[in-house]
Ligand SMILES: Nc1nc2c(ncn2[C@@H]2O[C@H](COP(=O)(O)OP(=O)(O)OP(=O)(O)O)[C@@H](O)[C@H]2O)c(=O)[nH]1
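The chain below stands alone and is given as structure tokens, in the form predicted on its own.
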Amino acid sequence: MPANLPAEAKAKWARYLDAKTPEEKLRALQEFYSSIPKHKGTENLRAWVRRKIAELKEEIAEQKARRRGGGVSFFVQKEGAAQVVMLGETLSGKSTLLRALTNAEPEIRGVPFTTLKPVPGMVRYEDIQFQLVEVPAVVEGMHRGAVWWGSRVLGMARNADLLMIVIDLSNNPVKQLKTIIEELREAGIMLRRPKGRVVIERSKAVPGIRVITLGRLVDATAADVIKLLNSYRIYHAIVKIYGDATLDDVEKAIFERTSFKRALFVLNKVDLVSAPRAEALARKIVEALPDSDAVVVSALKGYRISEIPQRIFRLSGVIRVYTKEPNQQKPSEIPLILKKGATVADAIMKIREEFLQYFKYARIWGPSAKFPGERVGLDHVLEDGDIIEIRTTIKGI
């Protein structure tokens, strides 16, 4: 473990994880920072903590400004199946695209930097909706404070479920791409999937640490993972291993120092440029970033706008699972929204965490079932369109 943190630092990190309010988190994080030893293995961690402290200070200042009735709020409550943050340089057409896709009515004036606060809207795909949030323009050097909204925009990108990167094809699109990708990289947001990825979901309803290996643990065992988490005073969690992950990847997941995001690159204003050259650029983007997607559109003319919701759904990594009561024929019309790779345990946590303690088995109908009504356990991986029926030791359920 390159960080090699002492027990005192791990205990202080545990206090940060348990903190509820931004003020409590800030105090705990400052104490944690002071306990991190200074050596090469902690350089990235210390930089991440400094950035997190700055974000918390901004969040606290914003809350105070809202209570006084002034200031620009950057807080947008997540709604729908996933939150998609729209990034792009000024005049790239984000506002026009948002208006074309959603019920939002952003101000459109055709002058630089019209948008100075987040503007949300909802876009529908079949029986679910996604939240699109337009944020102020990306500017070169924003991660260093070139504009006052820089860290806030990057913070929203870090917390988003998916990024939509809007590029103006008529104004040096390659330079725009490089600027946006570099600003994201400097903020610890990667658009290329790492070889190994670990997701840690803490819940007191989980009996101990459950390690679900959807990939492979390299030079480590599930027992090593449990020991590591326990050293950080994490005793109840589901740990999911994707790809080839190491114990170092598990430790990084505890801190969430870097985050991988899929992105939908929307190459806008094709009505002003050569369509074949635009399509060639889209192909190059997908070749360079295979976990992302790219589509050539004209928000103003409505060209290929209708393709965007389906592409958002595919990239978002969400699945729809429909619940069914025992002895009932029809499932619910409103689905549970889960992440791709979610298990029966994840579905139960979404329905009611306490059911984990009384779980007997689940019955599954749909794509993940070998046959209709298959009986499965907690680790069964669900797929989009599944119907699930939960059976517990509680009488009547």
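Numbers for residues come from their place in the sequence shown, where the first is 1. Predicted, not measured: the structure shown is a model, and the values here were computed from it.
Another form exists, predicted in complex with this ligand; not displayed. Remarks below refer to it.
A.B. asks: Since only the chain is shown here, I'm wondering whether residue 253 would be in contact with this ligand in the predicted complex (any heavy atom pair within 4.5 Å).
C.D. replies: Residue 253: no, not in contact with this ligand in the predicted complex.
A.B. asks: Since only the chain is shown here, I'm wondering whether residue 161 would be in contact with this ligand in the predicted complex (any heavy atom pair within 4.5 Å).
C.D. replies: Close contact is absent here: in the predicted complex, residue 161 is far from this ligand, nothing within 4.5 Å, heavy atoms only.
A.B. asks: Is residue 93 close enough to this ligand in the predicted complex to count, meaning some heavy atom within 4.5 Å?
C.D. replies: Residue 93: contacts this ligand in the predicted complex.
A.B. asks: With a cut-off of 4.5 Å between heavy atoms, is residue 105 one of the residues that contacts this ligand in the predicted complex?
C.D. replies: So residue 105 does not count as contacting this ligand.
A.B. asks: In the predicted complex, which of the listed residues (287, 224, 271, 79) lies with a heavy atom within 4.5 Å of this ligand?
C.D. replies: Partner contact (heavy atom, 4.5 Å) among the options: 271.
A.B. asks: Considering non-hydrogen atoms and a 4.5 Å limit, which listed residue (198, 263, 153, 299) is close to this ligand in the predicted complex?
C.D. replies: The option sitting close enough to the partner is 299.
A.B. asks: Tell me, please, which stretch of 309-317, 83-91, 238-246, 288-296 lies within 4.5 angstroms of this ligand in the predicted complex when heavy atoms are compared?
C.D. replies: In the other structure, the partner sits against 83-91.
A.B. asks: Within 4.5 Å of this ligand in the predicted complex, counting any non-hydrogen atom, which residues from 110-126 show up?
C.D. replies: Residues within 4.5 Å: 110, 111, 112, 113, 114, 115.
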